[in-house]
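Heads up, the chain below is alone and in the form predicted on its own; it's given as structure tokens.
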């Protein structure tokens, strides 16, 4: 039982980067902006979040810096695609490569090249009184770091906002049929801007989670494809917050399983175990992609003057 509890606790711990990056992707996509720069944004968030935490001694300021960097990338994506009507996929790839470059450059400029990487304190677990004492369930759900709780609350909050409020209905309308939304007086430009910026901030925070919880330091390319998996997760979750939350448990479960098998030793080559989350992603997408409900205007630029793509 202890082994199962520990495994499930790690699954919940590991789901956070998937949840935050997936919700950030979903939020921008709901207004038609398809962000494919997640990997680069997460790397910059991890790098800048670590550096600010290291220099200030404050993990909170590190998280704020990571969110600010992600928001800046989201702003750039919104401007180039909404104002300049440039191809979303091309701009997203450009931001992805910029993110990789910046994440490598910033630590070298601030810290330099060192034999042993500097460390920052990692986030501590917060035990919720009484609930954390419940057998089995308590250690899994109520003895986690604050970002685990935040990711769950963000998912529930986004679901309520999108499907239970007037503003959420307007956001979904922009992603489904912006011409109709525009004719009803909904500001499509503003909607695309703020959803992409907030979505970018969530993706940046997802990247910062890795050094602040997993390693205590930043290493190059430490995101290891989680940004790309977040895109698959968003399709898997049908661009809806709660299915994305539940789907992230599957993705993190495969990741934790592959890691645990490596630790206990296995005749299976570790290279195959590293590939396991991506193989699982391909299999999932094969069976779910055609059934995924995608916003009708996803990846398209709305021109109010021409009333066309």
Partner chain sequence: MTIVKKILPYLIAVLASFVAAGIFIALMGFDVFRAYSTILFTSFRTPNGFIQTLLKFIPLVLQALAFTIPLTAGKFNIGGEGQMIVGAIGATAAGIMFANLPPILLIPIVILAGVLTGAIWGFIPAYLLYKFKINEILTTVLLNFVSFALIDYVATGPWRDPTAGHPTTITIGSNGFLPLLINNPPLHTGLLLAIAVAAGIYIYTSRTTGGYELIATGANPQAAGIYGIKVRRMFVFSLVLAGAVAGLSGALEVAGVQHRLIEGMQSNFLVLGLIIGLISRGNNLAVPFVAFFIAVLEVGASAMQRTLMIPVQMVFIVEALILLFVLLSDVVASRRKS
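These numbers were taken from a predicted model, which means no experiment stands behind them. Numbering follows the first chain given and starts at 1.
There is also a form predicted together with its partner chain; it is not shown, and the following applies to it.
Legend entry - Heavy atom distance at most 4.5 Å to its partner chain in the predicted complex, all of 100, 108 and 225: Affirmative, all three are within 4.5 Å.
Legend entry - Which of 156-164, 169-177, 85-93, 138-146 sits within 4.5 Å of its partner chain in the predicted complex, heavy atom basis: Among the candidates, contact is made by 85-93.
Legend entry - Partner-contacting position among 187, 132, 217, 104 - heavy atom within 4.5 Å of its partner chain in the predicted complex: Going through each option in turn, the one that passes is 104.
Legend entry - Option touching its partner chain, based on a heavy atom within 4.5 Å in the predicted complex, out of 275, 261, 249, 242: Filtering the options by heavy-atom distance leaves 275.
Legend entry - 4.5 Å heavy atom contact, residue 231 and its partner chain in the predicted complex: Residue 231: yes, in contact with its partner chain in the predicted complex.
Legend entry - residue 269 within 4.5 Å of its partner chain in the predicted complex, heavy atoms: The answer is yes: residue 269 has a heavy atom within 4.5 Å of its partner chain.
Legend entry - residue 285: touches its partner chain in the predicted complex, heavy atom cutoff 4.5 angstroms: The answer is yes: residue 285 has a heavy atom within 4.5 Å of its partner chain.
Inset, instruction - Could you confirm whether residue 193 comes within 4.5 Å of its partner chain in the predicted complex, counting heavy atoms only? - result: No, residue 193 is distant from the partner.
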